[in-house]
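Just one chain is shown here, as structure tokens, and it is the form predicted on its own.
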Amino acid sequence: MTVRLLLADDHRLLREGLRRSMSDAGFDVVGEACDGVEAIQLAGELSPDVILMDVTMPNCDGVEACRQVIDSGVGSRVVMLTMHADQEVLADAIRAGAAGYLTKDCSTREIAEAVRMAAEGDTVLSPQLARSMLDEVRKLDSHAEVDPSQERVVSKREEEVLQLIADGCSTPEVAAQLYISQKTVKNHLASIYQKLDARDRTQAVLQAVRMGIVSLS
């Protein structure tokens, strides 16, 4: 099934370039937004599978627009595009529920792959950004103490899955390293989300870091 994509960026030239490249990559670009307010509106009207959202936009920034889109329940996945890897902004994006985080110097191929992964339910954590994002969130939430007497919340296998995700592995990579099927990985993730009260991979890893279940190398 063709992925329906909404573009949100206040720079028209960049939007036009993204439209051409994403259309060439096989995506159905259903709309374009020039600011966060329009992105929220079009998300409600068009229900795209994925929104490629600039972080810095007028009227309503990308992180707030992401938060409102996720809270609206339209079901769209949001991949954030940022000019600079600002750790506080990235931490806010995690909390807003974004499914991906890319810098604008990445290639068209990397953007296309991120959109595909987001549409399939994966969270896109590029190796360059994943550690800094999660590390920053861990510092911001350092007041949350881990109780060493707390019973194991997830199984040993689920811990292994979580650790590989924290290391930036995709679902196929986790499956390959643990010698299990991708379906089994997704089943483990569904169980993890329920146990950790998380909506996606990023929130699950964030919660696991807070609880001391996984570590960042």
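Heads up, when I say rigid core I mean the largest set of C-alphas that superpose within 1.5 Å between the two forms. Because the structure is predicted, anything quoted here is derived from the model rather than measured. The first residue of the shown sequence is 1; numbering continues from there.
Form predicted together with the DNA: not shown, discussed below.
Only one segment in the set 32-40, 53-61, 179-187, 66-74 has residues whose heavy atoms sit within 4.5 Å of the DNA in the model of the complex; it is 179-187. Residue contact with the DNA in the model of the complex: D9 places no heavy atom within 4.5 Å of it. Heavy atoms of K195 reach within 4.5 Å of the DNA in the model of the complex, making it an interface residue. With a 4.5 Å cutoff on heavy atoms, R20 does not count as touching the DNA in the model of the complex; it lies far away. At least one heavy atom of S155 is located within 4.5 Å of the DNA in the model of the complex. Residues of 194-213 lying near the DNA in the model of the complex, listed in sequence order, are K195, R199, D200, R201, the criterion being any heavy atom within 4.5 Å. When the rigid core is held fixed, the Cα atom of L164 travels 2 angstroms or more between the shown form and the other one. Relative to the superposed core, S21 undergoes a C-alpha shift smaller than 2 Å between the shown form and the other one. Core-superposed comparison between the shown form and the other one: the CA of H11 stays below a 2 Å shift.
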